[in-house]
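Only one chain is shown below, in structure tokens, and it's the form predicted on its own.
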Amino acid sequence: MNGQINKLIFKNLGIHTQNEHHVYMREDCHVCISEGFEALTRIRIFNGEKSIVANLNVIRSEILQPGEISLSISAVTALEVKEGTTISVSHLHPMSSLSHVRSKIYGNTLSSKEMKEIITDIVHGDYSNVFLSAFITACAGKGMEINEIISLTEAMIATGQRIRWGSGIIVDKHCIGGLPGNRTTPIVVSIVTAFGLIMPKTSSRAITSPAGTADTMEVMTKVNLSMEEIIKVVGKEGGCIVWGEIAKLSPADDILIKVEKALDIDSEGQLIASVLSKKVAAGSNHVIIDIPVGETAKLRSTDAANELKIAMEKVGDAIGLKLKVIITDGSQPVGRGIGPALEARDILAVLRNESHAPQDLKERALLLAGEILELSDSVQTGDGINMSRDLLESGKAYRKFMAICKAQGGFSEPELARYQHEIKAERAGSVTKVDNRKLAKIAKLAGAPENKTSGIDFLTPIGTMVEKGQTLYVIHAESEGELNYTLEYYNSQKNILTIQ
């Protein structure tokens, strides 16, 4: 289109649609009429050189005047448009990458070129949530071959920014998740950087869990750092613990994660691509991967963990990462807190060497930190865990953690939720089994991770001898309504904890 026919004046209606971009136009708008736009048509919106793709919503009221157009809040942010600005619209050109998605749905293998086209269109914002859901679902389970996972990982790296720290060892770690409260990362980063290694840790927010590392760290410090800010913090302190999305490191991953969260899907192939693309984008070249295995963890058998280990090592080798994969116990939560503020409290207790600090969280963090230290030439195999313990128990790790928080924007102490409810044992005996998934769901229903102080205080790990009426765990919620809703779920479930 040429001339003024496709130009409209932007009016901000303040409509929130999560991450989905929407555009609002009158039914009698001259652009809708001339271009044949209908409701839910995908169209491209321009503000100068910037453009986005959005779903059209047709207005049949006077909320918009003739010649006006509006956008959802996410679209306003992405397009950087202000009230009264003249913006233009056009048809969305056909996307050949959608034919690749359809091919994948029917079980075909995608080439590296086809995968790159899909990811490029996703990063450009051309995919609606419907298209994203189709791609994610087509790749779910065992739906991707190893070469496709490599291609996806390479495409996710290529379509984002990368930080380069120069030569030398740049370390990182990642846990594949599925284990409530397993918040070792801040402790590990503090130990490793106190030792002197460089560890630029970019973390995700929760996908299907009550908290991600970024959610927990946000309780204590700023995590929304730009790439320039990350470089400054790491240059000063040797490490950081930040949310990766703001820095646009592997941006396709952040887009996919939001839809995966809504679908409650964590595809194995996309999990590998997500984890490893972020490591390369953040400049790491040596990585420890923690895979917890348990009956109600994300990986339920050692065989499944070993399959994932082999796949991760193959992809890591293909993209130039030195990986060491560790399979750990995933039978129960780690630490006591499940939810951002409660997990932050546990982290600080370990770093401060408090007598009541959860020892399982401490020992798991020491194991992982020790493995990372042994990646360096100066630490012999078997010495890493003892060196890590010295750094933690001497207080050096805590001082480094506080320095990192200060460099990222300051430090805040975690707070507790207003409402608590104790879940008590209905019989005496020994705790023999914990359902991680049900505990995580309780914490999420209570409000975590959106409500930072919500979650669970887990007091009775496997092996604990309990008396009838003893408190097993405490539910924390920020509102009475959320607490009552959570208790409805609790009362409908059996064997969240098995006592024999």
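Keep in mind that what you see is a predicted model, and the values were worked out from it rather than measured. Counting begins at 1, following the sequence as shown.
One more form of this protein, predicted together with another copy of the chain, exists but is not displayed; see below.
Partner proximity in the predicted complex, defined as non-hydrogen atoms within 4.5 angstroms of another copy of the chain, places exactly one of 453 to 461, 468 to 476, 427 to 435, 51 to 59 at the interface: 51 to 59. Using a 4.5 angstroms limit between non-hydrogen atoms, E35 touches another copy of the chain in the predicted complex. Looking at D266, you'd find a heavy atom of it within 4.5 angstroms of another copy of the chain in the predicted complex. Contact check for Y490: no non-hydrogen atom falls within 4.5 Å of another copy of the chain in the predicted complex. Contact check for A138: a non-hydrogen atom falls within 4.5 Å of another copy of the chain in the predicted complex. With the partner removed from view, the residue among H91, K222, H421, R389 that has a non-hydrogen atom within 4.5 Å of another copy of the chain in the predicted complex turns out to be H91. Taking a 4.5 Å heavy atom cutoff to another copy of the chain in the predicted complex, the contact residue among S133, T120, N285, S376 is S133.
Contacts between stretch 107 to 126 and another copy of the chain, counted in the predicted complex as any heavy atom lying within 4.5 Å, involve no residue at all.
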